[in-house]
Each structure stands twice: as structure tokens, then as C-alpha cells.
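Encoded as C-alpha cells, the following chain is the form predicted on its own, with no partner shown.
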């Protein structure tokens, strides 16, 4: 009998890719999602339960019904600019609802959680690439909610024996190589799909928010990591804890940073189409450069990204949208 794993937010972008991999590895994903930002069609593997983390009784019911001890926690709002405008909603959804989940787990004796954290917990880095021992000084509400949950996990580990790993990943990108699922947000805030929508003729241009950062070409630099590689790390983190590993955090990134202009250039190479741009002012809360060191994840988890190159990541996204050549 396959091991059940609760996947909160499993109808979302990264969560759905994790469910596909869990299924392939012999686990039984139980998706718990309110579909406020996920898609029912993305929950193709395992069991789907429509529910909200604001309802602790519903969480307890699904944990008990499926006899779940392991949880992958993806359910969160994840847009920096939105968090600046709507911090109240971010603290309610990301922090208060996570507390409901943790309380439910303690009450039914579910003891393992893998948390989808973020490089946004670091804020403006002192040095790059960023390692896990870099000070965590988030500069936006989104990053602060993720750091608050990390601290909650540490306290629940100390008090109740909760086993946990926080995966601080950098910019999730790309799509399932088999083309079954991909990135689909409404509205879409992320650079790569926005650029590809321009290439496909669905948008007239892409905006560059800030061209005066202290980077080589003046635009923000980010570390892009393929969504399937993120899914792989979540499964490896489950196996790490099952094998007796201690509570900890890992960065997930490729260790190479690409500027906004370099992403646009990559998309032009992959699609063979021009991508007009306009320059706009900076967005509040955007650090100039975020690039991570994932050496710990490689050494401890055995994590080895399959898609380390930017063009390969963009290519999977382009093909999933059905606009690239086979």
C-alpha cells in the first residue's frame, strides 16, 4: 500500500509538480486545496480534497481519514508586490492558516512537514551566493510571513517533536517536461511566462521594473530553478527525515543569476521571436540580486538539478504553453 502524503496547495504550480513526482515514486498524494489560486485540472495524481486551511477541523478530518503522518506544505500567497499592498491577507493566509495546520498535526500526531519557504527570507544579501547561514532580514511582508513560519516550525519541533525541513527556493520556473502541467496564474506576476506571452502575441510588451539597480545591466538578477527540480527536492527532504535526518533548512537554486534582460534574451533565442520591452520604475520590496548556494542540498539530500541552464528552463515553459516547436 502506497504511503499517503498530504499536499497543501497541491493544485498550485509547484505543488502539482510535487504530486506528480510523489505518485511516480510510489506515494499517494492527498491534495488539500481551496482552489483560490490553484486549478482542479492540475490535481491529476492521488486524491483531491477541496478544503481551506482556515478550517482546522477540515484539516484534522483529512489527516485522520487518510492516516497521514507526512505533509508537504505549499499553500500560501506568494507575490511580493501584492504582499506590500495587502499584508493583512498575507499574514492571515500564510501564518495564521499554517498555525491551524500545525495545531491539527500535533492533535492527530502527524509528525513530519516539508515547508515551501523562500529566498525572500534573506532580504538584501550581504554576499552572494547566499548560504543557509546568511542572516534572514526580509524586506517585504511575503518574506516576513515565510520567516515567521520557519520560526514556528522550530518552536513546534522543540515543544512537540515535529520533524521539519524548510526549503528556501529561489525563482521557480519552467514546466513539466512531459507537458501535463505548468505555470498558470491569473493574473500572472512572473517574468518568464510574461515574456513568453509577449512572444506568443498575447501581450504587446514586457515591463522591466527598474533599470538602475547596481547590477551589470541595471536590472534585477535572480536565480531560476526548474519546478521539477524543486519537486525532486521535496521528495528527497521527506526521505531525509524518514531516514533520521534532523530539522533544518536548505536553499534550492542553481547558483547562477540571470538579469531580467538576460531572461528576455533567452526567451528570444528559444522562441525565435522578438520581445518588445518598456522600462518602468522599481517595485517596492525587490532586492537587486538574489542568487543562492545549494551546496548543502546537494551534499545532504543528494539533490542534483536536471535543468540547470536558463534556456532549457525557458524551453520547457514555451513547449507547455503549446507554442514551441515539438
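Residue numbers count along the first chain shown, from 1. Quantities reported herein were computed from a predicted structural model and do not represent experimental measurements.
The discussion below concerns the form predicted together with a small molecule, not included here.
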key: Position in contact with the small molecule when the complex is considered in the predicted complex, options 104, 208, 167, 199, heavy atoms within 4.5 Å   = 208
key: in the predicted complex, the residue from 78, 113, 233, 227 that sits within 4.5 Å of the small molecule by heavy atoms   = 78
inquiry  = Would all three of 171, 190 and 286 be in contact with the small molecule in the predicted complex, where contact means some heavy atom lies within 4.5 Å?
reply    = yes
task = Choose one stretch from 235 to 243, 68 to 76, 216 to 224, 156 to 164: the one whose residues place a heavy atom within 4.5 angstroms of the small molecule in the predicted complex.
result = 216 to 224
task = Although the small molecule is absent from this view, report whether residue 194 comes within 4.5 Å of it in the predicted complex, heavy atoms only.
result = yes
ask   = Is residue 119 close enough to the small molecule in the predicted complex to count, meaning some heavy atom within 4.5 Å?
value = yes
message = Against the small molecule in the predicted complex, would residue 260 count as a contact residue? Criterion: heavy atoms within 4.5 Å.
response = yes
request  = Report whether the minimum heavy atom distance between residue 267 and the small molecule in the predicted complex is within 4.5 Å.
outcome  = no
